[in-house]
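One chain is shown next in structure tokens, namely the form predicted alone.
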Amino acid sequence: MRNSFILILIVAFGIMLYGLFDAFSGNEQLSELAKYYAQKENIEKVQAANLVTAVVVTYRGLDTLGEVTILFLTAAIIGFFLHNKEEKRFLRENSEIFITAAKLLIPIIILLGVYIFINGHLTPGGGFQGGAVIASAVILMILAFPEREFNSKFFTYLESASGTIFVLLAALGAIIGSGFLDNAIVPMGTFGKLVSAGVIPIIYSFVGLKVGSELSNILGNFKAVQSDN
């Protein structure tokens, strides 16, 4: 009886999805808002080869600030409920192959994450993607070296400093520039070069550090204190 009910639900859900996909037709041209962003003069204003980054960090930068705030609150809530210094767990010793591979890969992964958010204004990627890559290095470190103490204070301070600088740069645009998160408060540089797009790569670098720190703290809060006894 239960299996029949589940089957009916699956069929009904499939019929509903079929109706949605059957009636779907993709956009053949950009919307009016997208056309505005894609205009040559607007690209030249921000001097960012990656137009998506330009939109995320400048035109809708307030939304990005809200997103990193939500991520911060998520990390804080997880830390509040899961942090437990009294819990003890006994883990099997890792293999030499895994430990050696981790020692090799961790710095490479961190370097890749930094590369992604530093070049976010030139290539696909940015602060959120680079921060997530850095957090993957942290979880590899936790798995490979579970006996090592996780320094959550370092990531907390790094997250706070990055978020504060992000807000200050945004406010500075309103004070000495033309508006909130104005990227022209520093020299715009040469289009397509690493030093270009004004303050965009600086902001995205701090967004990357902030996201990486928050995700790392989430992972650290899942890590209980270990005991070799």
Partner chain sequence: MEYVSLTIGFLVILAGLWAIMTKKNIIRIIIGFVLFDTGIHIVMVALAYVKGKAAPILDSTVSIDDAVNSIVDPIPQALVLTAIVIGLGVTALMLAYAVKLHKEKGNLDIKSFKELKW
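Numbering follows the first chain given and starts at 1. In this text the structure is predicted, and so the values were computed from the model without any measurement.
The next section is about a form of this same protein that is not shown, the form predicted in complex with the partner chain.
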Spell out, yes or no, whether the shortest heavy atom distance between S160 and the partner chain in the predicted complex is within 4.5 Å.
no
T164 within 4.5 Å of the partner chain in the predicted complex, heavy atoms
no
Would you please decide whether L168 lies within 4.5 angstroms of the partner chain in the predicted complex, comparing each non-hydrogen atom pair?
no
Are any of the heavy atoms in S152 no more than 4.5 Å from a heavy atom of the partner chain in the predicted complex?
no
Given a 4.5 Å distance limit between heavy atoms, list every residue of 15 to 43 close to the partner chain in the predicted complex, or none if there are none.
L17, L20, F21, F24, S25, G26, N27, E28, Q29, L30, S31, L33, A34, K35, Y37, A38, Q39, K40, I43
